[in-house]
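Below, in structure tokens: the form predicted alone, a single chain.
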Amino acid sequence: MEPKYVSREMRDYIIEMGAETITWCMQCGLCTALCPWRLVPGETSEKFNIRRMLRLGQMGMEGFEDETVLFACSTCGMCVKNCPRGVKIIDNVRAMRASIVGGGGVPANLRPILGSAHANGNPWAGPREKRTVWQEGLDVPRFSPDTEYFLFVCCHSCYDPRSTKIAKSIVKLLKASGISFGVIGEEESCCGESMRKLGDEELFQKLAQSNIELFNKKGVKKIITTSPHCYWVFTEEYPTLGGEWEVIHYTQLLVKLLEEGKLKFSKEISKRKIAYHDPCYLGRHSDIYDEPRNLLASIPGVELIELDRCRDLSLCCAGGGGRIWAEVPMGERFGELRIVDAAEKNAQMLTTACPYCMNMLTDACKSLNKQESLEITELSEVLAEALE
């Protein structure tokens, strides 16, 4: 039953926090029908209903009895892409989350994540002085005003043991091309994309302003990102705060270098039947679909397998919107469906171009005991293996 009385003050606060289009929703239900939560069983799936959340947001959030459900949205963008009224559903969900976080109602599992980002400048509980540990033995160039590209490595690839291989592979690829690039290091902070999606607007502003001041002070003009989440926030949200640079995702740059003859993949790799998974924030959010496929197609002997749910219909891995830190029971994970998609196509490898996706798909593969038949990789690792 919907609440009888409306909190106009809360409704106005939600709209002020970025939910300007929340009143546009006509309750058609298409967003809920398209949501990946409808594809899996479990308690969250039974409770999660975007249409009801938007309705409650219009009415001031009264009656929203389970706050954790509000944090179930992975911000995949499927609903936004298909909304007939152009409702910016992700912005609306973020604004509603902000009303919860601002009131001190942060879900227990997210408190250490947000706390670490406040204290250490990253959500992975890693001290700043450890941000560059992944670089040991690589002789990674330092950024200077004379450097063409600043390489911004996602916090995930700085601190997560499995994901550091992504950063190392990208450095190997950039060095092989001979371009001018460098890193800044310990002074860098998390881009803040997931922190904002979780509703901690104060934290996002703090992280963004810190990075903007740092990058501008260092003379940054061009940025290479290793993560689609960093790419998206740098191109879509930082400019309004004073952060205006030329930003490129590493797959876009590598295609350019390949076309210019500065990079060549001539070595055959061990597993050749490769399925590609489109990350939500690289695909639906940023419209980058062809570059990763062109890179894979340039490797000798590779058979690129298209999954049935691909490009703008790609199935979310469930890592966005802060969900990478969520504990989801086996059998209720979107990623498990993705593993099945690849297995049904007889793929030997499932690769992606996002550190979040790689981790989520790796966990899903383990939960289904498919590690022996299907290898999960990040695209940069495959490309680094194929270098001369």
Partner chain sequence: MTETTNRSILVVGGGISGLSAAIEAAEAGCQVYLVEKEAYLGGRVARMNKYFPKLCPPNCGLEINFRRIKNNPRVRFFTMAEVVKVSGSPGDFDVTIRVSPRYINEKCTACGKCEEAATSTFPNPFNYGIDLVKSVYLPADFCFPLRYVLNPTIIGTEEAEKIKAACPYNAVDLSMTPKEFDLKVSAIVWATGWRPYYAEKILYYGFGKNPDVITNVMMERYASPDGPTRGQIVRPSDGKPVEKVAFIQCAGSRDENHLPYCSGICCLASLKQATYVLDQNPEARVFIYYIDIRALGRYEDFFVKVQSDPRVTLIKGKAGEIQRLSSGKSVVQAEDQINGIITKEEFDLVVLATGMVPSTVDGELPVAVARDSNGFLLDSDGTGIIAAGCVKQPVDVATSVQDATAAALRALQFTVRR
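Numbering follows the first chain given and starts at 1. Quantities reported herein were computed from a predicted structural model and do not represent experimental measurements.
Just so it is clear, the following notes concern the form predicted in complex with its partner chain, a form of the same protein that is not shown.
Q: The chain here is shown without its partner chain. Which stretch in 101 to 109, 275 to 283, 262 to 270, 84 to 92 comes within 4.5 angstroms of it in the predicted complex, by heavy atom distance?
A: Stretch 84 to 92 is the one.
Q: What is the one choice in Ala326, Leu34, Val69, Ala343 with a heavy atom within 4.5 Å of its partner chain in the predicted complex?
A: If I apply the 4.5 Å criterion carefully, the residue I get is Leu34.
Q: Please determine whether Leu313 contacts its partner chain in the predicted complex, using a 4.5 Å cut-off between heavy atoms.
A: Close contact exists here: in the predicted complex, Leu313 approaches its partner chain to within 4.5 Å, heavy atoms only.
Q: Do Gln348 and its partner chain come within 4.5 Å of each other in the predicted complex, heavy atoms counted?
A: Output for Gln348 is no: heavy atoms all beyond 4.5 Å of its partner chain.
Q: Is there any non-hydrogen atom of Gly331 lying within 4.5 Å of its partner chain in the predicted complex?
A: No.
Q: With the cut-off set at 4.5 Å between non-hydrogen atoms, does Arg309 touch its partner chain in the predicted complex?
A: Contact with its partner chain, yes.
Q: Need the contact residues for 27 to 50: heavy atom within 4.5 Å of its partner chain in the predicted complex, sequence order, or none if there are none.
A: Contacting residues: Gln27, Cys28, Gly29, Leu30, Thr32, Ala33, Leu34, Arg38, Leu39, Asn49.
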